[in-house]
Ligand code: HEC
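The chain that follows stands alone, in the form predicted on its own, written as structure tokens.
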Amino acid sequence: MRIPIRSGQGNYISAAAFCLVVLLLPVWPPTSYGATDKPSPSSEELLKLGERMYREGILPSGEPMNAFVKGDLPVPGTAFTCASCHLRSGLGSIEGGVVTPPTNGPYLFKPFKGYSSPRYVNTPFLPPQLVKYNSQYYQKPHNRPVYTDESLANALRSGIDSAGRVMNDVMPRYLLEDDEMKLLVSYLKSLSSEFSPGVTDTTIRFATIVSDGVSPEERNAMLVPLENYIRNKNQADVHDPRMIRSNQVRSTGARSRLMAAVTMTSLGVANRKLSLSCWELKGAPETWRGQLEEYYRKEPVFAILGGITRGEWQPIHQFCEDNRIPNIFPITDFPVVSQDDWYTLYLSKGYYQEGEGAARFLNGKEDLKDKRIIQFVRDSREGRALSRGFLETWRGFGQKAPETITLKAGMKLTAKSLQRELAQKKPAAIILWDGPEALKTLEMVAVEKNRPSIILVSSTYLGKSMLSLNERVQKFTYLTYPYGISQTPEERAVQLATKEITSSSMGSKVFSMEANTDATIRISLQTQILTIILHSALLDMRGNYYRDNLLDVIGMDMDQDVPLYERLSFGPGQRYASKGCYIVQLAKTGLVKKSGWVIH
């Protein structure tokens, strides 16, 4: 039988055809109200949600966690994250007499014992031997039973630990639903629960990186101090007092040697040898990622120490970020400047940092306020990095962007064009981001009647040619200088070679050359600074070989007075150790400071 059914176009279709269409329509199973067809998140995704709560204070919904401190003061979890006090590794810290205990699974879910002292309250981590030999300083033990999921949730919500004691009122009391609490507790159980790749019962494996184009002299300047440190550390006698920092064990004589042995052995430092592989990168930078992945597949390492390439560090930086591998102090003038990345710790921001220093210097000049500034930028890696550092910092001060004139590769600034710019625009200051070719420009400016009182250039970009500035040019030329100038390079080299703060310098020689313009001097000093920081960090890790812990302890380290830089200052989450730059002028007596250590 045909039943006439009108279609949307005014035509008729048969009932059989209609039934066929209905049968071909997709069929969904009945669902309850509000149900979703999204698959359940994997265990890895759930851990990432817990990780975000721990590190950023953000709930799975994207909203900030809510908490109270000091009893009834509401605060957003983004301002009081777990990681801000307990650190990313979850292993806690001691700072200013305030102890932040571990919050990772291996410590939370086993009994805990701390010791009170006149200096610290409830000090964790102390080996029993140290307590025994310093009983006059560490008296009363504080025991804490094993946490359960329930008692840990109660501690996070109410601030009552598993022993029934009230925690410090600066510890936030988090307002979390049961499913949110479950995510956070699960993450804490997994946090720093197994040693990171590259660590075995006998060895901690490291690697360094060298790319094509690096000269043999530069390669050796980076590699030799590292190899010396590894060899000397592996051969060092555990009883050698030079292996212990003076501020850790202050006793003397036989007791000092005994305490050194106790500390090294109990913290596991002396039980593992260090190894170092050299990963050599060939070809174009876009091929480096595949090479790095293959090296890492064959030999997982705990961290990458130093390294040196020609050009951008970005491909290596991203490899380390994606694989969560620390990279400590690579030799590069082109680091990745980022507020969010974590796994590469740079000595400085390189050329970018000099641009920052120039912006801060000019911003402090009241006589330049609202005056015209012109920026000449060579279209090169160096010029672009300097200009970016200047512009981003300058705009941060609310200043109007200067006029920028780009100098293409091979393009020379002629006297006629320079004269026209000065006559028409009458700038109060010129920034000249150019290499040795800048010398000719400076000499042309010197004879111009419209010459500004300040021209800023980069000492690093000029290189050795900065020593060729004649007296007439020296009067108005200011240089960004990102190193310390209280000593000559030779004095700094001798200081580092003879400094007995670690075994890293023992038996090694530092180059002694004229002026701070030979790259091998700088590279050698930078690498030896790395060995100083690494040795200190290995002690401070206290046998907890987790990658985030390596970066945590470096971030918590004291400021370092080292050769080459004015100072290295550290802080949790900071990625750039040397944060300043001098503005100087060249004179017969050498470099003359025209600013303080301008901090970025």
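This one's a predicted model, so the numbers in the text were calculated from it and none came from an experiment. Rigid core here is just the name for the largest C-alpha set that superposes within 1.5 Å across the two forms. Note that residue numbering follows the sequence shown and begins at 1.
The same protein has a further form, the form predicted together with the ligand, not shown here; the description that follows concerns it.
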| property | result |
| --- | --- |
| Proximity to the ligand in the predicted complex (heavy atom, within 4.5 Å), stretch among 280 to 288, 163 to 171, 411 to 419, 304 to 312 | 163 to 171 |
| F206 within 4.5 Å of the ligand in the predicted complex, heavy atoms | no |
| Contact test in the predicted complex: L564 vs the ligand, heavy atoms, 4.5 Å | no |
| The ligand contact in the predicted complex: T81, any heavy atom under 4.5 Å | yes |
| Interface membership of Y351, the ligand in the predicted complex, 4.5 Å heavy atom rule | no |
| Contacting member of P101, P326, P452, G77, with respect to the ligand in the predicted complex [4.5 Å, heavy atom] | P101 |
| Of Y229, Y461, F390, Y147, the one that lies within 4.5 Å of the ligand in the predicted complex (heavy atoms) | Y147 |
| The ligand in the predicted complex: contacted by all of M65, L108 and L156, heavy atom 4.5 Å | yes |
| L551 C-alpha moves between the shown form and the other one by 2 Å or more, core aligned | no |
| F68 C-alpha shift between the shown form and the other one of 2 Å or more, rigid core reference | yes |
| Threshold 2 Å Cα movement between the shown form and the other one at S158, rigid core reference | yes |
